[in-house]
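First, one chain by itself: the form predicted alone, in structure tokens.
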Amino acid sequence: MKPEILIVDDAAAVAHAAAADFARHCRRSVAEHSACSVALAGGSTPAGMYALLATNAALRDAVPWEHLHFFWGDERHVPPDHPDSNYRMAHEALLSRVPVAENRVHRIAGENPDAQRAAEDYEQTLRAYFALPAGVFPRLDLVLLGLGSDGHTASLFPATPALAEGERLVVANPVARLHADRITLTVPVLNHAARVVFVVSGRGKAAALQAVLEGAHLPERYPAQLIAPVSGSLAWIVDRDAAHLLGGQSAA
């Protein structure tokens, strides 16, 4: 299925469009099966969207918060109160400001000294929530992703072992240039989602965005090219700065 590409004016417009899409899809999922499972992204662009969902009354009231369950696409190998924690960012920008029960927030335990154990534990969290038999991937209702200037998404970095993982749900991914492990959902989990939405802003992302959407298929170099839902929808919500190298796209 061809991805949807929405180009808007600036980062604020990206946040608003992504928040509106979030509310719309959550309502649809709840109407269909009385729940909505969301995997949140880290990064500055999603943070703007989260803050808007928390502070814009119309958007906040459009979300059926009591039916949502929150997961994470990836996490840094740090405690939840660390400045780099994706959980901390989402909690401060959104989750602490909307009516979501604690038992509906399923964070990755990045404080575990053993990153692989943290990944294994989070895989069990997913398997328990979705009641998955062996060999079956979960179907998250909505996955939010960002895009790095190097073409990575979640913590699927170029030329790292996680790119080839085809069976596990969550892995600890060593990223040599960061001298760190990251804990990330795997490509098959992301590709089994009902909807995946990339939110991207800034000229610093333009070259990567063009390469991912219009360049040769080089997923070892641009891992975001691996994201192609098998039976769901894929959308890119980007601003003019990020999209300025794309050919043949019209702004919203």
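Note that residue numbering follows the sequence shown and begins at 1. Only a predicted model underlies this, so the values are computations on that prediction, with no experimental measurement involved.
The same protein has a further form, the form predicted together with a small molecule, not shown here; the description that follows concerns it.
For the candidate set His77, His91, His152, Arg107, a heavy atom within 4.5 Å of the small molecule in the predicted complex is found for exactly one residue, namely His152. Thr45 belongs to the set of residues with a heavy atom inside 4.5 Å of the small molecule in the predicted complex.
At least one heavy atom of Gly148 is located within 4.5 Å of the small molecule in the predicted complex.
In the predicted complex, at least one heavy atom of Lys205 sits within 4.5 Å of the small molecule.
The chain is drawn here without the small molecule; in the predicted complex, the stretch among 95-103, 161-169, 140-148, 112-120 whose residues come within 4.5 Å of it by any heavy atom is 140-148.
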